[in-house]
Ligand SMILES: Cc1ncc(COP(=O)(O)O)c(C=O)c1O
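Take a look at this one chain, the form predicted on its own, written out in structure tokens.
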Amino acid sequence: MSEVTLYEKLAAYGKSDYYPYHMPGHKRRARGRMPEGLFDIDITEIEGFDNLHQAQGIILEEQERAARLYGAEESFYLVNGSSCGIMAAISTAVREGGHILMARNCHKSAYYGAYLRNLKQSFLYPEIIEGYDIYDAITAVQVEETLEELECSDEPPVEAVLIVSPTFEGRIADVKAIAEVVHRRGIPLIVDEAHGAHLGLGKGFAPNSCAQGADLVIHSVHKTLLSLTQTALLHVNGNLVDRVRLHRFLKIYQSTSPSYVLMASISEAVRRIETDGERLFAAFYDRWMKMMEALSACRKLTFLPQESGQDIGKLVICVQKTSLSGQQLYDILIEKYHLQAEMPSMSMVLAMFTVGDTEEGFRRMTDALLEIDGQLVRGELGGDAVINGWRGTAGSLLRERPRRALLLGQAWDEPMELCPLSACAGRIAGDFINLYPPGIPIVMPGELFTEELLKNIHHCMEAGLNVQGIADVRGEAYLQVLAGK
């Protein structure tokens, strides 16, 4: 195996006198104001640099290195993000028109995969953590009970189970127990572990899903490790996955012109953890624990406890005991402290920490939250009374279990029309509606709108949350519904 990394090989080639009579069109010369170094290493599949879609050389070696790091049998570079890995996993594990059991809090890319394969979807609904208005992790008991119910019904056999762990907010499932339940039925377990690329790699972290028996695992290397946006990994284990089919769908869902810049970024992220991971994760753990100890002094702001299955690095800041909404706290952190959190909801703010954070990053968030908490205790900060009347709206949205009138694959291809939000009760949704981030559907095509659901969507919009799937027509909110239905 070569000791030269993909980045090192690209950098050396960029400094050579080889003239590029090939794509890309910039010909390895800087144009405009982008950094020259990017152009030096941005090539296509040329002699000596392997091919992602038929890896036999340096890319194969780099993928094998990633597999060793995570304890997987095989690993694949993804340059179209975790989204393409999730779609490839679903398409591989479930035949066209087949039946998948999936967590309702799956990312929208999982729904896209189900649509493309015209799948029948059954859902696992996670419990909701009271006070924080977030989904908890799926449990093995839920999976067992739901599979038993489906086996006693007229539904076709479930061909795969898909869960999310960690969730967007950091809730970690007992993947080992769930894998045992699923494997007793001879079907594969897919784990969307996009937010867990760091798991199993350092002090204080739960094991990753490859080590817990999952058959297909997807990691976003850019989310919690030191890689560029849009980089990810897909891991495969066991004999329940047809690897020929997996290769086929990876070719379908990935670009035929994969970026060597992005692949080099994955390579460097993996190598960095191999060579310096112990020190990086130890420093991260110590900084995290120091911050959490300091924040325990807060009297108004509360934080999801680590000992309850919460991933280190996901700081869930709850405002239930304050006069603020999550959106208001989010805005204060940006406007006054110049701290950009990951997302707000009605009742909390999520801030993400990784090995890429500095001592200053931990200190600034700690100081800001302590100062804000002190102002709340003294009554110096107050929210809009109307906002306070909406407390729990996000939880209500999560509790919604819309009734399905049509399968996703049927509904999304039907003719649609725009309808005022105020007049949508009883109509069939024609498009997805979700809060973004994290991109988890509240409603999907084929499901029915209810008065309560529409009221909660309206409240989230008025609170300033980013609700996707809404059209603004002369200042009024409209939704896509199926024409005449």
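Everything numeric here is computed off the predicted structure, so don't read it as measured data. Numbering starts at 1 and follows the sequence shown.
Beyond the structure shown, there is the form predicted in complex with the named molecule, which is absent from this document and is the topic of what follows.
Novice: Tell me which of 81-89, 111-119, 67-75, 172-180 has residues with heavy atoms within 4.5 angstroms of the named molecule in the predicted bound form?
Specialist: Selected stretch: 81-89.
Novice: May I ask you to choose, among Val319, Ala194, Ile266, Ile190, the residue with a heavy atom within 4.5 Å of the named molecule in the predicted bound form?
Specialist: The option sitting close enough to the partner is Ala194.
Novice: Out of Ala214, Val164, Met348, Val161, which one falls within 4.5 Å of the named molecule in the predicted bound form, going by heavy atoms?
Specialist: Residue within 4.5 Å of the partner: Val164.
Novice: Though only this chain appears here, would His198 touch the named molecule in the predicted bound form if you measure heavy atom gaps against 4.5 Å?
Specialist: His198: no contact with the named molecule in the predicted bound form.
Novice: Report yes if any heavy atom of Ser220 sits within 4.5 Å of a heavy atom of the named molecule in the predicted bound form; otherwise report no.
Specialist: Looking in the predicted bound form, residue contacts with the named molecule include Ser220, since a heavy atom lies within 4.5 Å.
Novice: With heavy atoms only and a cut-off of 4.5 Å, decide whether His107 touches the named molecule in the predicted bound form.
Specialist: Yes.
Novice: So in the predicted bound form, is the named molecule close enough to Phe168 to count as touching (4.5 Å, heavy atoms)?
Specialist: The answer is yes: Phe168 has a heavy atom within 4.5 Å of the named molecule.
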